[in-house]
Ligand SMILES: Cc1cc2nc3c(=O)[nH]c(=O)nc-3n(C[C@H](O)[C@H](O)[C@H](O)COP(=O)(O)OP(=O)(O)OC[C@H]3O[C@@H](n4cnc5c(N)ncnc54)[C@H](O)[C@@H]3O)c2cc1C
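Consider the single chain below, provided in structure tokens and representing the form predicted alone.
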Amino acid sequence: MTTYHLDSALSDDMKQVRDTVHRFAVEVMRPAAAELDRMSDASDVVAPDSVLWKVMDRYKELGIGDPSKYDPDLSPAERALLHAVVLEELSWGDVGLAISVGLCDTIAPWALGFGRQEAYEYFSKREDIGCLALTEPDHGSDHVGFTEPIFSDPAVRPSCRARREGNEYVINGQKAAWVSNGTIATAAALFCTMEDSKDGLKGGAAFLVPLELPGVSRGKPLDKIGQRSLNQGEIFFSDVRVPEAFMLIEGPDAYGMVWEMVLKQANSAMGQQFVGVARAALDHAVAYAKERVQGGVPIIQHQGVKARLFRMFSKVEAARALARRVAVEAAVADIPFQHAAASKIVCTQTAYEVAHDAVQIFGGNGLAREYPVEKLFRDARASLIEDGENDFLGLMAASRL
């Protein structure tokens, strides 16, 4: 461990939660992630006999998915800090699995957060695997570019659209292969555009959609280089009828504000998660440098290696400080979007750079699949694009300076 001694802000009970999640990461997540990563067919990751489902079951037993269910005596800031620690530990184990299991049982809280009592009562009786259905084949980060002119350009016509018919909405179109949990989710938080929108993407709507409804179909699981333990895949909608009670928000007056809120939460979580990836890469590099002998001594005794390790360590510490500050502040105040975006951009870039340096520390072994750092490098690379491509997020954040 390279960082636990600075967790003095955690109470003994919070440290116990941290240690429990860490054991889960070591004993359950890492072995499962290694097995899933080696599967050549992405369909095998979600096969009925896949270890993924055992991870899901064990995760549910922990009871840590919803921060609102933490110790009720914790203040909002303490609850946010504890959740940041939990996300870091899970992602230290494996970020793909952390994202996948983190989407479990998220649909009912969406309903509650938007004050949709009927939807909340419906979804709270289910144990859903959730997904955030946003990206489309021809629309990625621009779909959330609420600060940019393209967001309200009426010439932009997304694939997935909805129209109102009486007390229902009819949805048609496609969500792209990058939907996390896309082929295994049982319910979706779906973002699409109204057919009669005169404001382009800004004239959107958000729904909670049970994915067993008639007209819903799936594509095959996406085969990709990183985060292979995270199922992703297309979702198709053909005249899918969703009751009015499952609509969260509609129209240009509110849709942009909702996306700002959602993206702040997502970016903050990404920051916390990829601190875990960066720390995992650092831990592996330090351990290897103490064991690997070159020139008659462990390589950690060579100045170049020592200097690289310390730069890696400093980056992880700085990223964690930013991620936790943003997470805690967001729990007690409405933080500006640029702070959440900075957390995501800095922490994902840190994970990528630290994983890259870990490969360098391992030398040729860093390229071999029998060692863990090449996987971390692949996992970190995906983070520069997911949940908002970093350059585009930076442009959005800069517009708020």
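Don't overthink the numbering: it's just position in the shown sequence, from 1. On a predicted model such as this, the values are computed, not experimentally measured, just so you know.
Omitted from view is the form predicted together with this ligand, to which the following refers.
Asks: Tell me the stretch among 194 to 202, 125 to 133, 248 to 256, 111 to 119 that has any heavy atom within 4.5 angstroms of this ligand in the model of the complex.
Replies: Result for this chain: 125 to 133.
Asks: Looking at the partner-bound form in the model of the complex, is Ser141 within 4.5 Å of this ligand by any heavy atom?
Replies: Yes, Ser141 lies within 4.5 Å of this ligand in the model of the complex.
Asks: Since only the chain is shown here, I'm wondering whether Phe24 would be in contact with this ligand in the model of the complex (any heavy atom pair within 4.5 Å).
Replies: Looking in the model of the complex, residue contacts with this ligand do not include Phe24, since no heavy atom lies within 4.5 Å.
Asks: Although the partner isn't part of this model, could you tell me whether Tyr169 comes within 4.5 Å of this ligand in the model of the complex, counting any heavy atom of the residue?
Replies: Outside the cut-off, so no.
Asks: Mark Phe313 yes when one of its heavy atoms lies within 4.5 Å of a heavy atom of this ligand in the model of the complex, and no otherwise.
Replies: Although this ligand is absent here, Phe313 would stay clear of it in the model of the complex, with no heavy atoms inside 4.5 Å.
Asks: Looking at Asn267, Gln273, Ser229, Ser180 here, can you tell me which has any non-hydrogen atom within 4.5 angstroms of this ligand in the model of the complex?
Replies: Of the listed residues, the single hit is Ser180.
Asks: Within 382 to 401, which residues come within 4.5 Å of this ligand in the model of the complex, counting heavy atoms only?
Replies: If the 4.5 Å heavy-atom criterion is applied to this ligand in the model of the complex, 382 to 401 yields Ala382, Ile385, Glu386, Asp387, Gly388, Glu389, Phe392, Leu395.
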